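The chain that follows stands alone, in the form predicted on its own, written as structure tokens.
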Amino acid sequence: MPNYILPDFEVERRDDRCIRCRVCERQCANEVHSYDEENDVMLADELKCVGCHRCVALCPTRALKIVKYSGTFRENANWSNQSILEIYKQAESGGVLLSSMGTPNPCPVYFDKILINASQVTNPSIDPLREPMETRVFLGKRPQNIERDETGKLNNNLPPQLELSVPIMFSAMSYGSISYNAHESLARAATELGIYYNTGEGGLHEDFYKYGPNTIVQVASGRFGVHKGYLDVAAAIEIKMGQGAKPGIGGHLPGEKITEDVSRARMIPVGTDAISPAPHHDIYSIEDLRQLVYSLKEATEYKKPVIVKVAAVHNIAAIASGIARSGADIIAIDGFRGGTGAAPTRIRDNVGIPIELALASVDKRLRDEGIRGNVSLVVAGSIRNSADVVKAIALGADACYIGTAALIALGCHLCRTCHLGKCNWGIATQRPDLVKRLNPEIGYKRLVNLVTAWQHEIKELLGGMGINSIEALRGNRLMLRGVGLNEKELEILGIKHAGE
């Protein structure tokens, strides 16, 4: 039977530089490299290469290069190489194609078509080095009325809030889909930065309870790891209804990733697949969702805000309106460019809508209905830099979740094979020999550096707009202009075209 599958990458090895140290062989979890002792030559099985570049990074003589495979099928505008290879794979396996991280396809990135306005003369800019700039934000329900006591002092009638030093949080990534060391890095960084990280739907390892004041715990359809202590230790609770990379689809963590530690955190047997159904089987309406929201509030004595996370889909504004009336304190919206540990390729690449359009439509709907103060909005789905954060806030967000950006800071090379459990950088794996490749002492410092750098840039961007606080930027679409957008897109985003 001929092998119809072509490799994605070629390994180019300069024999004049290669010293046969076999570092590449030892470092490759995919077993691409091998040594032919008889002929004293290094070999490469290119079909196994995922393009993680660890061998390239660690080769002491720079003898290696990983390049895109040059042997392509006959050119065809309708049938791309990828389309043909995917059919070959399914014809061979009979299975659903799985992929990790966000979609690599060219899809609309509206952040790149939005420009930030700047102040000049009549509304002067602010120098963030010399004047105070407030990047702190509070997430949660805002009171309808100001109340004072008999002496005229303000009563603190605020419902439970999350206080962030900067409008950025680490998004949900479960223990099991990512390693112990990756989780520790996220938890330690969130604590040092004064922000929050999200456990995902995999429960919380007992070692990380000490980071509870900076932890958001998740309640998903599988209810993995959910118990009273788990809820009590957290700063907030998130009900996961959907995920941007796979709207309408449940979760699946393969049994080989369910190690003893993971099984204890998730409260399932070692080696069994962890499958979350697509729906919560107790939620089929906003009324049902309201029951769960208040059950969680009751269980935690109304001391913690409750977040509801949904995927960005075509009727997201109406969905958000219902969630805002359900008693939730925060709505998290995940756009279709968001990352994932594993998703059906067809779902990841074809279902959902961009976060920019979803956010703008939700913010407008809640304002039109007079309930914008009932909830805070947190958005996710390929937030790549500080400018994306600023644009999202100007479109109506209170804060942003970052996931892929955080993993890249830890060393991820976006090879999009997380579901295989062979992450060469020690992030999306449970293999002890691979997990130890990520040093949490280094990892958390890199995350702190990333968010600190973004905070400096956010202050610079705010100053350039003549704005001195995140709160003054929220929903301020006058500070945005579109380029290369049609009238309908501008209308949904609620911004003017550049030059107007």
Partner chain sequence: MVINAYGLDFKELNAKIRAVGSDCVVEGCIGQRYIGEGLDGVTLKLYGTPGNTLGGYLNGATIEVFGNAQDEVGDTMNAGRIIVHGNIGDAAGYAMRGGVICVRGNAGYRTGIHMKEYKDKRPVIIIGGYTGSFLGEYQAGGVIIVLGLGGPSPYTGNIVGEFPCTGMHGGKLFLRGRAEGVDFPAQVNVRLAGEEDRAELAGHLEIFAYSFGYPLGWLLDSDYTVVTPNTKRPYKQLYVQN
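Note that the structure is predicted; figures quoted are calculated from it, not measured. Numbering follows the first chain given and starts at 1.
Only in words, not in the display: the form predicted together with the partner chain, which the text now covers.
No residue in the set C400, G411 and I470 has a non-hydrogen atom no more than 4.5 Å from the partner chain in the model of the complex. None of the heavy atoms of R148 is located within 4.5 Å of the partner chain in the model of the complex. Of the heavy atoms in R74, none are within 4.5 Å of the partner chain in the model of the complex.
Contact between A118 and the partner chain in the model of the complex is not found at the 4.5 Å heavy atom cutoff. Although the partner is absent from this view, W79 stays clear of the partner chain in the model of the complex, with no non-hydrogen atom inside 4.5 angstroms. In summary, the region of this chain contacting the partner chain in the model of the complex, judged by heavy atoms within 4.5 Å and restricted to 363 to 371, 134 to 142, 174 to 182, 293 to 301, corresponds to 293 to 301. The single contact residue among C107, V313, M267, V233, judged by any heavy atom lying within 4.5 Å of the partner chain in the model of the complex, is M267. Between the options N424, T103, T215, S221, the residue in contact with the partner chain in the model of the complex by a heavy atom within 4.5 angstroms is S221. Interface residues of 407 to 431, taken as those with a heavy atom within 4.5 Å of the partner chain in the model of the complex (partner not displayed): T417, H419, L420, in sequence order.
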